[in-house]
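The chain below stands alone and is given as structure tokens, in the form predicted alone.
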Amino acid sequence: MTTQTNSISKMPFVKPTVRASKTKKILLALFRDRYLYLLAIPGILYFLIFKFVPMWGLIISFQNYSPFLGILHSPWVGFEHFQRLFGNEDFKIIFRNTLAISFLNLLLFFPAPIVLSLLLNEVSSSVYKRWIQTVIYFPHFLSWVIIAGITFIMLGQADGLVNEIIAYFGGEKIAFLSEPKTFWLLLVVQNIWRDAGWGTVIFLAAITSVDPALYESARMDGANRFRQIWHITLPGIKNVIIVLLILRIGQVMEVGFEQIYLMSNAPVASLADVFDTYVYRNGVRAGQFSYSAAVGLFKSVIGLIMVLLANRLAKMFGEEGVY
């Protein structure tokens, strides 16, 4: 009894008037920024409904899930599905293909919006600049079905436009779509054409935040346009580049399903099999929901580890990182 009395006596005492004052400040702050909070509600609901609530379903990766029994009554199997995934002969192939495509996207696709933004920033005519932006934004709104169709029309071996031009000048037609050596590169080029322009939105916004006085000082010191880009623009948007790079590294296991599924064919089948297509073929289509969930959980864990490592490296080099 004495001990309980002493512990209660040691608790910090908050006067009711002070607590009421803090509550009033919080309510006033909420009322003052009420429109901002209203704008945030759709985003919060999106993450709650489509990101946090589905995490509950990851439980089935440790079960033999049956739609008739439900999550609560399906039998538990522990790490059986993960052991099956790691012991599968296809695991090394799909892991290699996924990493290779992600690495090429990181190497070639990620810098493309940065270069485009720097070039657009150098365009002095606002009309011409807006026209270019409209043209490079447009492919982002096309579905992968349309983009795959355009690719077939342009690069088809039998009657593709490029091969028709090659044949017209006496050359031999090339099997662009079924050539294993260039299949991964073809996927990256499609990504660049579709999303590089859209990716410039963030970098152009970041460039506008660079102090114009720095450019004026550089010009007075005799710096040409290239040196202004190198010493002012790029350092000015460095933090944005690093944050987006870290987030991109976190998606190392996400190479997309539609694009690869539509572009795959028999000659490149061994190079087109990635985790997403593997899950669709062996998990969803075969009704093995628990196995699909196990593969998805494995991808998420790898992505989380990559984000943590990349953020740690950024901190070691003195950058801000994502948190």
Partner chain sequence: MKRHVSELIFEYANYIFLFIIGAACIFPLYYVFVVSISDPIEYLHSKLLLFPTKITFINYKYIFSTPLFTRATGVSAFLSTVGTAMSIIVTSALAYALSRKRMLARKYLLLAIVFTTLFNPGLIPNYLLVRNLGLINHIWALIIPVLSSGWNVLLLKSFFDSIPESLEEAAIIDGCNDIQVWFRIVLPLSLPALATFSLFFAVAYWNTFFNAIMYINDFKKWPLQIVMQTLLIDSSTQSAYNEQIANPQALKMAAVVIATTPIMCVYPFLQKHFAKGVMLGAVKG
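Bear in mind the structure is a predicted one, so any value in this text is a computation, not a measurement. Note that the rigid core is defined as the largest set of C-alphas that superpose within 1.5 Å between two forms. Positions refer to the first chain, counted from 1.
Beyond what is shown, the protein has a form predicted in complex with the partner chain; the following relates to that form.
This chain is drawn without the partner chain; in the predicted bound form, the residue among 83, 217, 178, 125 with a heavy atom within 4.5 Å of it is 125.
Contact check for residue 310: no non-hydrogen atom falls within 4.5 Å of the partner chain in the predicted bound form. Residue contact check for residue 267: none of its heavy atoms lie within 4.5 Å of the partner chain in the predicted bound form.
Shown alone here, residue 271 lies farther than 4.5 Å from the partner chain in the predicted bound form, counting heavy atoms only. Remark: residue 69 does not count among the residues lining the partner chain in the predicted bound form, judged by a heavy atom distance of 4.5 Å or less. Judged by heavy atoms within 4.5 Å of the partner chain in the predicted bound form, the contact stretch among the candidates 73 to 81, 202 to 210, 180 to 188, 91 to 99 is 202 to 210.
In the predicted bound form, 40, 42, 43, 44, 46, 47, 49, 50, 51, 52, 53, 54, 55 are the residues of 40 to 56 with at least one heavy atom within 4.5 Å of the partner chain, listed from first to last. Relative to the superposed rigid core, residue 258 undergoes a CA displacement smaller than 2 Å between the shown form and the other one. Relative to the superposed rigid core, residue 228 undergoes a CA displacement smaller than 2 Å between the shown form and the other one. A movement of the C-alpha atom of residue 58 reaching 2 angstroms or beyond is seen between the shown form and the other one when the two forms are aligned on their rigid core.
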